[in-house]
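Starting off, we have a lone chain in the form predicted alone, written out as structure tokens.
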Amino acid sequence: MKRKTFLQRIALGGTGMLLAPKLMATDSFQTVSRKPLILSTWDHGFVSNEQAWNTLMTTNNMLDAVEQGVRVAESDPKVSSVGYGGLPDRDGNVTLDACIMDSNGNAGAVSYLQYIKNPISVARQVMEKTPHIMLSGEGALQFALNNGFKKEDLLTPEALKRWEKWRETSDYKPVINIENHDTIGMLGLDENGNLAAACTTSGLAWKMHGRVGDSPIVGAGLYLDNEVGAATATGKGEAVIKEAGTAIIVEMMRHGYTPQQACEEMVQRIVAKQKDAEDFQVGFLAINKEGQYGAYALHKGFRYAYHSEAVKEMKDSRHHFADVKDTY
């Protein structure tokens, strides 16, 4: 046997041995759902899922569904972490990030976008009308205006009040499970097994002006491979970017991990590699082609919304740091 072939077989054998414990593991939290299926992060995902489902029933297009679904959160001034009403940066500017992906592997994104209420729709236009994947800042705004989007003041009176209160101390520290990280990421699987996904946020409250998180970055805040599955992230974007979180989750699913196992493995990597993991929140949500789904977070409190033909409900994610205390 040639040396190269021999080494390749050893490598593949080693990979199989590493995966075997995952493939043999049983997970009572792993579920196979009937298709179609829509999942999204956090409580505001519940009404967003309803809109996405209604759109899917009307258009039979999951890309339309996830876009219209997350627009609900973007347009709601009571959601202080997404779109209109999002809490500003430390200079009082509301800046938005978003990403969208379709079943063909196409992606569009905008980052550091100001004055446009629905960045997810701008991201879709970037995907469909340009040779690029991401537009940022002034260029993204100009593109949006040239394509018929309306320029608006996104700083609501409530957000302004909270920013002025924060300026009294200007103390910055992300707070676990508070608006600092309430991204909405939405994953959709249609009856034919095709996927679409969207992710949108106003980012960390009181962030430095110009900061961009994980949400618009393909492979960090969102990733989709129609042969395998999709994943989205929420929480401290810097922590997700460092690990290419969602791309790795999808790759683990390609190699036999269930969505639940892949989400848990990624959280374990963050704990092992980022020594301040106890001080921030990160959560992952994933789905594969068969309709299996999973979610896992660093800390207790991450919730996600589930919507199928038969059921629509909120679910509590499992979590790492409280696992030693909580009994499931």
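Everything numeric in this text was worked out from a predicted model, so none of it was measured. Residue numbers here begin at 1 and follow the sequence given.
The same protein has a further form, the form predicted in complex with N-hydroxy-L-asparagine (SD4), not shown here; the description that follows concerns it.
- Under a 4.5 angstroms non-hydrogen atom cutoff, N-hydroxy-L-asparagine (SD4) in the predicted bound form has G213 among its neighbouring residues.
- With a 4.5 Å cutoff on heavy atoms, T246 does not count as touching N-hydroxy-L-asparagine (SD4) in the predicted bound form; it lies far away.
- With a 4.5 Å cutoff on heavy atoms, G188 does not count as touching N-hydroxy-L-asparagine (SD4) in the predicted bound form; it lies far away.
- Within 4.5 Å of any heavy atom of N-hydroxy-L-asparagine (SD4) in the predicted bound form lies no heavy atom of L141.
- When N-hydroxy-L-asparagine (SD4) is considered in the predicted bound form, only one residue from G86, G229, P119, G237 comes within 4.5 Å through any heavy atom, namely G237.
- Look at 121-129, 141-149, 107-115, 198-206: in the predicted bound form, residues with non-hydrogen atoms within 4.5 angstroms of N-hydroxy-L-asparagine (SD4) sit in 198-206.
- Contact annotation for 260-278: no residue has a non-hydrogen atom within 4.5 angstroms of N-hydroxy-L-asparagine (SD4) in the predicted bound form.
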